[in-house]
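Take a look at this single chain in structure tokens; it is the form predicted alone.
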């Protein structure tokens, strides 16, 4: 038996490194998984991998900043999977380096639309399905940059801090519905996102490993392990919590 048998999950950004690993782990643990992303090729690959491993998965294309698209995608997922009781909100974008003084409004707004409003919209339309299912779990991906500061990342840090508070708000407002909400704050995880400003992963490691006392960067599976626990009944006394999976990055 898997730790997520009988659960149906909706995972955004499932074509990416971290959320893709979460979706695959969920499938391996017995959950039926709706994999959601804006890139058809990568999200279809995640769903195909789950199916090839003996799990159940479907894939959907959706821009989480578009409320009409979110509602349809969530409703379709619940209909096709039979219920919906786990949501992983992982969709996120990042801005080019700016300070508040020189950041264009459209750049600021784009980051907020995806990282924060998108999470709000998914939660808004998933909650009725969780209520119908008798409860559920939200796992919202924040960041260590939602806890500590980093230069020239004002929009990203603002949204990732807000993710933590949005999660706590959901946890308080829907506890009576047996709906829980927790956030995960990853440290530096070895995915292609780390290469957006550094040419090679080796250079990333040289720069970032010394900042993680555990002596390595994280792997997507490290976040998937935490997400599987939060999605399971083994975490039933946890809600409104911030789960740091950062190799000690924020302990320094």
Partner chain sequence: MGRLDGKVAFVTAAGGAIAGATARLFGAEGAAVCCVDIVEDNVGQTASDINEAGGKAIAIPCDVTDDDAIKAAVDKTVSEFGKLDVCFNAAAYSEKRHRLAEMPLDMWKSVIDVNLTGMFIVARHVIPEMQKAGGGSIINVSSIYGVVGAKERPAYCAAKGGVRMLSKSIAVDYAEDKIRANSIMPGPIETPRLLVRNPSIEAVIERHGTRLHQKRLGKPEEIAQTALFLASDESSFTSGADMVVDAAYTAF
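Numbering follows the first chain given and starts at 1. The structure displayed is predicted, hence computed values, not measured ones.
There is another form of the same protein, the form predicted in complex with the partner chain; it is not shown, and what comes next is about it.
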4.5 Å heavy atom contact, residue 67 to the partner chain in the predicted bound form: yes
Partner proximity in the predicted bound form: residue 71 to the partner chain, non-hydrogen atom cutoff 4.5 Å: no
Contact flag, residue 132 vs the partner chain in the predicted bound form, heavy atom cut 4.5 Å: no
Contact flag, residue 93 vs the partner chain in the predicted bound form, heavy atom cut 4.5 Å: no
Members of 116-153 lying within 4.5 angstroms of the partner chain, judged by heavy atom, in the predicted bound form: 116, 117, 120, 121, 123, 124, 127, 131, 145, 146, 147, 148, 149, 150, 151, 152, 153
